[in-house]
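Only one chain is included here, represented as structure tokens and corresponding to the form predicted alone.
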Amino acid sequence: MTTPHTVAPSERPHPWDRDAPHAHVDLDALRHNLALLRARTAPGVRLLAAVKADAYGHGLLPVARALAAAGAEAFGVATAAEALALRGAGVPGDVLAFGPVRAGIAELVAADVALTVAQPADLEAIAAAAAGARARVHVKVDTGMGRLGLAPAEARALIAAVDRSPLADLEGVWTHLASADEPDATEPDSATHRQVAAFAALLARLERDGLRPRWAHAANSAGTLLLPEVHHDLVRPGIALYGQPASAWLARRVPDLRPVMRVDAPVTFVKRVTAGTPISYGGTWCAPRDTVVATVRLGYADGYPRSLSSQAEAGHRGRRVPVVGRVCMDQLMLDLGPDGDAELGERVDLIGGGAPTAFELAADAGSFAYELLTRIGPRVVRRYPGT
């Protein structure tokens, strides 16, 4: 039986493409970032690309296909729908569901998707739903993240239970680093070092117990780039694949990442205003001089944060111009200056390109690039130049 799955917004046809905001996804930049990450790992270390959340907003299937063709061996997802979308599209490579699932276990096992077990109840659910088939299992260990998994001492018993189960294959043991992008991550007394040491000690104990799984993994983007001691058998980069650093400290250490996404949108209205004219809700910004204001078809419903009202810049004709007034649900305004001009339909960069990067804009919004990218909505048409 075919299992239905949710089609990512990036896969749906969009009949009003010309008038919509566009997210231009540079697959060459994606491949560059993959190669950079690969160069940081030892031969034989597999690379699992995190493509959850519609590939961090870039488009699940186009991104996964490009990464698979460029050599990524596996993919990490958050939901059953994401996993089954990859399998339904025939994307080659292993697939790991990062979190415990309850619905769709039988379908995932039948589709050869590896499942995470973080507690005994997860193993019980797999045994009850797998319909006699053996599930590929990765046991999640909590070494300091505090989100999923048991502490190492308790996890040993769970790992042994998975190994004994007639309905599970112990394929992997993994943990997640909570602070690998912090400036002290490489220091011997850091929280990251304590996590690394706890995981290594667990692996050594499992080895003595004869329970060493095929794959041990801990490294996220920061761990892959800076901490070779946590590469083990497999690394799991996410945000770095999309060309954004996880922190300002990491940006300084790894300057060669290339942003993969640029967002632009069309100008829908242009007017000349006199000094003192209020713009947008609440009149929080008033023109300080006679100037030209352009309205652009992008707003917070499309994922552009309202907190960037009168705080950000856009790229227009080779220069930066300020976003002024409150960002609206569907629109925002730009101050083009007294001598400014714009044509209706002319496209303006709002993220990347001539505008600040997602990392820079997110910092100005009091957030981080992960949130900004994954909130870019389905009204923003994903485009893949060169494909």
Ligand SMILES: Cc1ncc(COP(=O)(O)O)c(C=O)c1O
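Computed from a prediction, not measured in an experiment: that's the story for all the values here. Each residue number is its position in the shown sequence, starting from 1.
What comes next is about the form predicted in complex with this ligand, which is not displayed.
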Heavy atom of each of P21, V263 and Y384 within 4.5 Å of this ligand in the predicted complex = no
In the predicted complex, the residue from G303, G172, P237, G149 that sits within 4.5 Å of this ligand by heavy atoms = P237
Checking S309, N220, T192, T143 against this ligand in the predicted complex, the residue with a non-hydrogen atom inside 4.5 angstroms turns out to be N220
State yes or no: in the predicted complex, is some non-hydrogen atom of M333 no more than 4.5 angstroms from a non-hydrogen atom of this ligand?
-> no
Is K52 close to this ligand in the predicted complex, meaning a heavy atom pair under 4.5 Å apart or at it?
-> yes
Counting only non-hydrogen atoms and a 4.5 angstroms cut-off, does F98 reach this ligand in the predicted complex?
-> yes
Does F359 make contact with this ligand in the predicted complex, using a 4.5 Å heavy atom cut-off?
-> no
Which of 205 to 213, 100 to 108, 266 to 274, 172 to 180 sits within 4.5 Å of this ligand in the predicted complex, heavy atom basis | 172 to 180
Counting only non-hydrogen atoms and a 4.5 Å cut-off, give the residues of 54 to 92 close to this ligand in the predicted complex.
-> Y56
